[in-house]
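The same protein chain appears twice below, in two forms, each given on its own as structure tokens and labelled structure 1 and structure 2.
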Structure 1
């Protein structure tokens, strides 16, 4: 098990906070989150209490003249992510380790967050292999083509139970539960062709 991520989110907008939370959940790492929506005089105290690994902060809520608390010697070195929008000054930007552009599109946002997760070493792709194995891939194809668990078991000379275990793992890795969802996945990734299903 990896350590549970502790995130401090300092942002006045409820919608942006909610949006960020949704995005974080979609990244799939378990996390604990503390939300602050007002400027803080005592940022340092709060940080010392919570010891967050990740601090997402709107520059507007950082009191003037303050430098962001860091203490590499005590092993406390959080990653600061500035929640910025277009037109924020370079000076402001330079305070942060990473920047999340709130005006950016979905891909850009996710890419930044994934990069951060990798820096933290909590990325699941490191602790668990999320690509499908050869066996899982062949089972995925057969499922997508409409075969039942029994049919797949007969075809591959394995037990139905084993097929079910593989299917559970496929669902866990892809985040797709239904047969029709798996079919769409298989076609999008060119594991099977659309004509193959229509023919069967």
Structure 2
């Protein structure tokens, strides 16, 4: 039995938040998520109220961040992950337990999150569990671009039943049930581009 994580996600970008939630779902751990998308004046007060296990922060939303709240004496010692990009200073990076480089590739991001889950003692997923086959990737792209099962079957010269089977496998591997969620996943993992969606 795995403990349910309480995760505090502090990030202004909707697209990034959705991508992180998708990644967390892929790791297979039950969790409760609190989202903040606006600048915070009192991080400590929020943390004391929520008592999260894992805190994922974009430093831009904590403008006065000097030290991150911790209280080892009360056994409250959350893991802090900095949601950074390539331009973040070394001083800012040093404040976090782990860094998630938003400019990194898919495997780098998953590797970092797996490491964090192992630190929390909740890792239970092998990386192969979320690897899609070439056919599944083809279907994912077409789904994200708004194609129906029948349209996908016609384009790939397969039966509608086969398309539905592949979609079930994609949902199982990624933990994403909605078309909008699959679209966000496809964009974040560079399987499709925003221009393609707008064009479709």
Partner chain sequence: MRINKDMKMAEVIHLNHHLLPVLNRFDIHLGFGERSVETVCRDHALNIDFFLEIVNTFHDPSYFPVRHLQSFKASMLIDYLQKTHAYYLDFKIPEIRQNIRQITQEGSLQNSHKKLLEDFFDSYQHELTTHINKEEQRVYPYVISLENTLDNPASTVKELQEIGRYSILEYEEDHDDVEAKLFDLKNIIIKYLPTSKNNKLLNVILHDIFELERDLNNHGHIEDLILVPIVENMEKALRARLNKLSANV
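For the two forms, the rigid core is made up of the largest set of C-alpha atoms that agree within 1.5 Å on superposition. Residue numbers count along the first chain shown, from 1. No experiment lies behind these values; they were computed from the predicted model shown.
| field | Which of the two shown is the form predicted in complex with the partner chain | value | Answer to the question: structure 1 is the form predicted in complex with the partner chain, whereas structure 2 comes from elsewhere.
| request: Please check if residue 165 moves between structures 1 and 2, taking a CA shift of 2 Å or more relative to the superposed core as movement. | output: Yes, shifts by 2 Å or more.
| said: After superposing the rigid core, is the C-alpha displacement of residue 22 2 Å or more between structures 1 and 2? | reply: Residue 22 C-alpha, core-superposed: shift of less than 2 Å.
| message | Aligning on the core only, does the CA of residue 180 end up 2 angstroms or more away between structures 1 and 2? | response | Yes, because once the rigid core is superposed, the C-alpha of residue 180 moves 2 Å or more between structures 1 and 2.
| Cα shift of residue 146 between structures 1 and 2 after core superposition, in Å? | For residue 146, the alpha-carbon shift amounts to 33.2 Å.
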